[in-house]
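A lone chain, given as structure tokens: the form predicted alone.
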Amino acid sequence: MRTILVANPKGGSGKTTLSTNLAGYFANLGKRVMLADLDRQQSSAGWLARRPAVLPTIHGWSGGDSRKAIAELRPHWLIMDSPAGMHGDKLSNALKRAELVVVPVQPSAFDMAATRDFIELLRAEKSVRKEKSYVAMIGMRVDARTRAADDLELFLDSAGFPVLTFLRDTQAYVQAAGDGISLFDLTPGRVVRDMEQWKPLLDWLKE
């Protein structure tokens, strides 16, 4: 089993968008996928509840005995959608379980300020220092034509972790979320540009 933690202390940073689409990607590859919703808002769990039964199955977990649930399913991929403000022991415990950590950041001063402190927390974590957990950064809802996009690129470059890709701001994510689907459940011709942006992240996860 490989485990991905999607984390950022700032609410609305794009954690659930990344988590649900990653789950959809691996499910479409025929993998057994568990999507763990660790957030009290239960956005990922709500997305799963809306997911059409005809699509590839994604198993959800949002409480109870996670070890038992994992043992029963034996997933190929466990994707953890973390809550805003996760720190301290909860962050350490999540990192101990996660081989891969994806940090989404939006191009705003508030998001970058919150993420700056979080990056320092990640660097100090034993699992990251000993390279048991690998961290990468993702730009979210980015309009490449704006100054904010340039500021975000500079910020991410200074973070000290790999910057994999920048995902554009498009209604495709909003519409997919409302229907309980991922971009990877759509016909490829509808999301050609988005698939190009996702490829560096997917390649990194599968290394």
Ligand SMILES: Nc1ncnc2c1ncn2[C@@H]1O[C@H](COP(=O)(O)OP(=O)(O)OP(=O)(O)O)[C@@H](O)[C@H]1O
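Each residue number is its position in the shown sequence, starting from 1. Predicted model, so just to flag it, every value in this text is computed and none were measured.
Below, we turn to the form predicted together with the named molecule, even though it does not appear here.
By the criterion of a heavy atom within 4.5 Å, R51 is excluded from the residues contacting the named molecule in the model of the complex.
Taking non-hydrogen atoms only, A84 approaches the named molecule to within 4.5 angstroms in the model of the complex. Contact annotation for G12: at least one heavy atom lies within 4.5 Å of the named molecule in the model of the complex. Residue contact with the named molecule in the model of the complex: S158 places no heavy atom within 4.5 Å of it. Of the candidates L29, V174, A144, L154, V174 is the one whose heavy atoms come within 4.5 Å of the named molecule in the model of the complex; the others do not.
Partner contact region in the model of the complex: 164-172, out of 66-74, 144-152, 164-172, 51-59, criterion any non-hydrogen atom within 4.5 Å of the named molecule. In the model of the complex, the named molecule lies within 4.5 angstroms of at least one heavy atom of each of the following residues of 18-51: D39, Q41, in sequence order.
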